[in-house]
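Coming up is one lone chain in structure tokens, specifically the form predicted alone.
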Amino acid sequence: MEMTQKAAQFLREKLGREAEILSRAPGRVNIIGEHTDYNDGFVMPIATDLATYFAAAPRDDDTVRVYCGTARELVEFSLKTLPRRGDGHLQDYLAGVAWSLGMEGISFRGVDAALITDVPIGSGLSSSAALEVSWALVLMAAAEAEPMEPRKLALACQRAENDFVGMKCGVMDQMASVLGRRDQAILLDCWTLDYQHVPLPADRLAVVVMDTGKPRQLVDSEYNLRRQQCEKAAQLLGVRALRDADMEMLMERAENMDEVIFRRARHVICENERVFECAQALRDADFQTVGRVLNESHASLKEDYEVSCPELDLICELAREQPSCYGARLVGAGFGGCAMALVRSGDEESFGAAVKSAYDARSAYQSRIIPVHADSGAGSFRC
């Protein structure tokens, strides 16, 4: 059964409503450019064929009822009060998006909805952004609001996560969800929000997500600390954000900078450079260079940014041992979750089986191997 049909079935069975609105918003895998987005830098994600789906029906009051088919949980609240739990619960994301869209002048009506997702939760594949964007499309459709320009929609969803949920994410995840295009990556400037698409040919390259099985929870991790360290580095370098710094500037100030702050800045500066090198290599179909850059990114995330862990290091090492693998690195904030490998197209199954067998034998966790495809961005329609 298709995911939209499953969501509609949950809406019918759990809330007694027939679907009038369907929405879909994809998660993302970031090919290159990790922890650069909140430094106003450069990233190159893809929207994936893993997504979050809503089936919904408007109400005549201000009540929101959402049944989560994935968690088997019902959330209910009022659009008048928009209660905040403060623990990163689903309710905070739903209420936060409504709060943020309200700042855009949208007048809401209540809604009954059911959601289902195949984006792995807490694994670094932007399950939260997929939820936010898909839910925003439902709320706007129920209110019969004018469609919002994609970048404006992404910023509204980011604001919900930053200022209501309390997770200080950059804008990359939401932008990838709204700007995705099949068989293409998105080279995005996180300061100007200018972007261009870069070919990621599915007939030659396969993106394979490798879930280590090690859980992480971003709100409780050191993610926010890394952001503070980057802000400190920018202050010491006399720039607005680290996207405006270069290695020459960093080396000139190195003696007056704490060693940890120096390494955080070095990662961001070099990672921005790697984004452009990788984009050009993809345009040139130079997949060996793409793989080298991915491996360098992981080493920097491990050594300079210190967001890797033994499980992520192990699964990337095992991936690189496979002859079909061009390169591998952690994706997302780190501290567990997923890594990603670029693999010769057609070899996904044998690659995944070899990595899973070796990893599961050497780790305390059980891995999950998930081939994904660069897919189109978010959308909604009325039934």
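For every residue, the number given is its place in the sequence shown, counted from 1. Keep in mind that this is a model prediction, so the values were computed, not measured.
We do not show the form predicted together with a small molecule, though everything after this point is about it.
A.B. asks: Choose one stretch from 62-70, 319-327, 345-353, 32-40: the one whose residues place a heavy atom within 4.5 angstroms of the small molecule in the model of the complex.
C.D. replies: Among the candidates, contact is made by 32-40.
A.B. asks: Which of Val178, Ala114, Ala206, Met172 has a heavy atom within 4.5 Å of the small molecule in the model of the complex?
C.D. replies: Flagged contact: Met172.
A.B. asks: Of the residues Tyr223, Phe108, Phe287, Trp99, which one places a heavy atom within 4.5 Å of the small molecule in the model of the complex?
C.D. replies: If I apply the 4.5 Å criterion carefully, the residue I get is Tyr223.
A.B. asks: With heavy atoms only and a cut-off of 4.5 Å, decide whether Ala333 touches the small molecule in the model of the complex.
C.D. replies: Heavy-atom contact with the small molecule at 4.5 Å: present for Ala333.
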